[in-house]
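Take a look at this single chain, the form predicted on its own, given in structure tokens.
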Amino acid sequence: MKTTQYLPSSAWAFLIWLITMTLLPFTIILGMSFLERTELGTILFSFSLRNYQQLLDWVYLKVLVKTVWLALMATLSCLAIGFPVAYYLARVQGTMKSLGLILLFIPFWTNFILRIYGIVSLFGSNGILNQLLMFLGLPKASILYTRWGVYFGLVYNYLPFLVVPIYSSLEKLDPFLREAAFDLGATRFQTFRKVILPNIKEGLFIGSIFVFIPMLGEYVIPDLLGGAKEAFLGKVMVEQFFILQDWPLGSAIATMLSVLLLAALWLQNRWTSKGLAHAI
């Protein structure tokens, strides 16, 4: 006798929320990206690939390459800084572990804009860094309103989002695997490369995606720390929507960012599935 399975009410609520808040807005943005804006500012409701062809212009390609490169370098920097922090927090016990976790989550308690203005007070022309350099008799450092300022802002604000997934993966790692590797004669580096990394690669990838994709579409940090000289993809997208009123082109940029996110998630899922297949 066959039994009919029904979704629980909580699952239906989540499904409705997913369709209303995620799929429906994305569908509207996707449809808008294929429309066309005339010189008079009106939108033609006809299928067109003009917006995507415009994204192939050198002006937009240059912004895309610069944004991807900066987001990639900031993500790698977060990995280089965050992995030792996560590894230490996963292994230490007692008061130091509690203190480290508190320090890790303190940035989440502070407003995002306030954290950015904290960087302004640090790297500004009369900020703490330049005051220290002047006290030491050294020339001032011009970091704010440059690409370096945007880079420091990205690393500072997104670092905790990468540390948490890596820390979670390391916490779940069986400590006996490390001890077994040492018993079999493996060195520390061999244990790290062949035992620890393969078991936490999903946390590494998810953490990297958590910071890389938002960095691509970041608007506030480049606007406040980069100034008018530095144009990044998120800033160009917002300007298309709210300043130039070119919603189709802005929707095309947003769709491109969404496609990059879906491609990254697909690669992560395929990588995980391949790892499970090899394990079986």
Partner chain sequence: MLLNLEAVTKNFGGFQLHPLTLSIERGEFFSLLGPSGCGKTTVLRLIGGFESPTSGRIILNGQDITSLPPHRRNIHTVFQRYALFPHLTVFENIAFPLRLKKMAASEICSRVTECLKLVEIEDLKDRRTHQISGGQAQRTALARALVAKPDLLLLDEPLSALDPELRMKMREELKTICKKVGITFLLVTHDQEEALQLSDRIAVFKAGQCLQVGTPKAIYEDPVDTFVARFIGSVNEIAGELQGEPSPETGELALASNAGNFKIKKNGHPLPRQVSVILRPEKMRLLRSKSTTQENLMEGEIQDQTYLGSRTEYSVKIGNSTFKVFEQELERLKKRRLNTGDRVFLAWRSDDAIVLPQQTV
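Model, not experiment: these values are computed from the prediction. Residue numbers count along the first chain shown, from 1.
The same protein also exists as the form predicted in complex with the partner chain; that form is not shown, yet it is the one meant from here on.
In the model of the complex, the partner chain stays beyond 4.5 Å of every heavy atom belonging to residue 136. Mapping the unseen interface onto this chain, residue 190 counts among the residues with a heavy atom inside 4.5 Å of the partner chain in the model of the complex. Taking non-hydrogen atoms only, residue 97 never approaches the partner chain to within 4.5 angstroms in the model of the complex.
The partner chain is not shown here, and in the model of the complex it never comes within 4.5 Å of any heavy atom of residue 148. Contacts between 142-172 and the partner chain, taken as any heavy atom within 4.5 Å in the model of the complex, involve no residue at all.
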